[in-house]
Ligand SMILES: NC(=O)c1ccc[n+]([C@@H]2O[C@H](COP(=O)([O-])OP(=O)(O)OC[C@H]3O[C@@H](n4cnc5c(N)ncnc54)[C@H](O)[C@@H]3O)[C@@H](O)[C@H]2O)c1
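Quick heads-up: it's one chain on its own, the form predicted alone, in structure tokens.
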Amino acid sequence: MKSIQVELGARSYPIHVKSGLLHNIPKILSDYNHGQKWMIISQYNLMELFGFDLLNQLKENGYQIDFITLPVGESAKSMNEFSRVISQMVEFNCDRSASILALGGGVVGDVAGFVAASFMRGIDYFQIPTTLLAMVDSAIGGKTGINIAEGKNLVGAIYQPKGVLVDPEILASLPKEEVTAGLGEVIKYGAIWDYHFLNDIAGWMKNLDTFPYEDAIAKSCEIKSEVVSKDEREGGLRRILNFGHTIGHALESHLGYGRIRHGEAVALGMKCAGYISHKLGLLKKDEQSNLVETINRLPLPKLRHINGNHLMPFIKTDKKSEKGTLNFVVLEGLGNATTTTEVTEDLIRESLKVLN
């Protein structure tokens, strides 16, 4: 089992990555089980796939456990659903000693994490990510949140889990397009941090049927844990993890949650950010081409007639803006990301031509 430590002092925690890990969770969590109430927060389809098996394993090993389900899709990340889950926690007699297992993708992790941060002013939770996107990104680092009409993740908290348990075998149970969409976030780690990893990814993507997901997940987790350990609350370095996200989030908001997958939106956003980096004189043309060629190996959706009038209202309300100034993530060469406040609205509008 590959174990990676997120170093945050008293709030440090491990990320365990191993195929078949799901069957060992009762043993892995045994030191945390003190007779308290445990709650799995998931979706019903995921409970049917492997949640009920996990529930029964935990019950057989002496865990006092129940489950709560969320609807599928971004509609789960609403104030109404958040309130409903909190109410169900009370109905299940949870108290401040309770622990949550967030079994699902980014949506489940975001909602369950925010519930953990809020319920009784904060209880323990563990992330058990079930999508590639969650395994390499959203399950790590403590970002939790829900959406409101004005934008994505505008309500939330940074609240660290007690551990992240990653079983790459879970990916085999998911539709292929759901898995490949998450590769956008894997590409991001190579682009912002490790040029050699980006080259590895480009080679692996020549045949997605043989892609070494466990190796890619472990390396992505190492990079994210290193960044989060240095900057937990996104005061500086952690902002680079938003590469591709400013335009990606705007695409999600404009097209409607569920119309485009998050990893796909980020991949398209990275193409725009690569273009902007080149226009600012930070990224060489051949490096930009290398990034685009790698991204284009993904089966991305075809977008038509996307322009600044569609996206700029969402970009202007992006939570990465401070006092009206946008912190935009760019590349100073592949494997080296930074932020700048010099990206103009005109340049963003110009970059959107790479999407059409």
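Numbering starts at 1 and runs along the sequence shown. As the structure is a computational prediction, the values presented were derived from the model and not from experiment.
In what follows, reference is made to the form predicted in complex with the ligand, a form of this protein that is not presented.
Among N207, S173, S87, S97, the residue placing a heavy atom within 4.5 Å of the ligand in the model of the complex is S173.
Note on contacts: among N56, N307, N45, N296, the single residue with a heavy atom within 4.5 Å of the ligand in the model of the complex is N45.
The candidate site formed by L49, G105 and T131 is fully in contact with the ligand in the model of the complex, as each residue has a non-hydrogen atom within 4.5 angstroms of it. Of the heavy atoms in S253, none are within 4.5 Å of the ligand in the model of the complex. In the model of the complex, S138 approaches the ligand with a heavy atom inside 4.5 Å.
Among heavy atoms of E81, none comes within 4.5 Å of the ligand in the model of the complex. Contact annotation for K77: at least one heavy atom lies within 4.5 Å of the ligand in the model of the complex. Listed stretches are 105-113, 275-283, 199-207, 89-97; the contact stretch with the ligand in the model of the complex is 105-113, by a heavy atom cutoff of 4.5 Å.
In the model of the complex, the residues of 138-164 lying within 4.5 Å of the ligand by at least one heavy atom are, in order, S138, K143, K152, N153.
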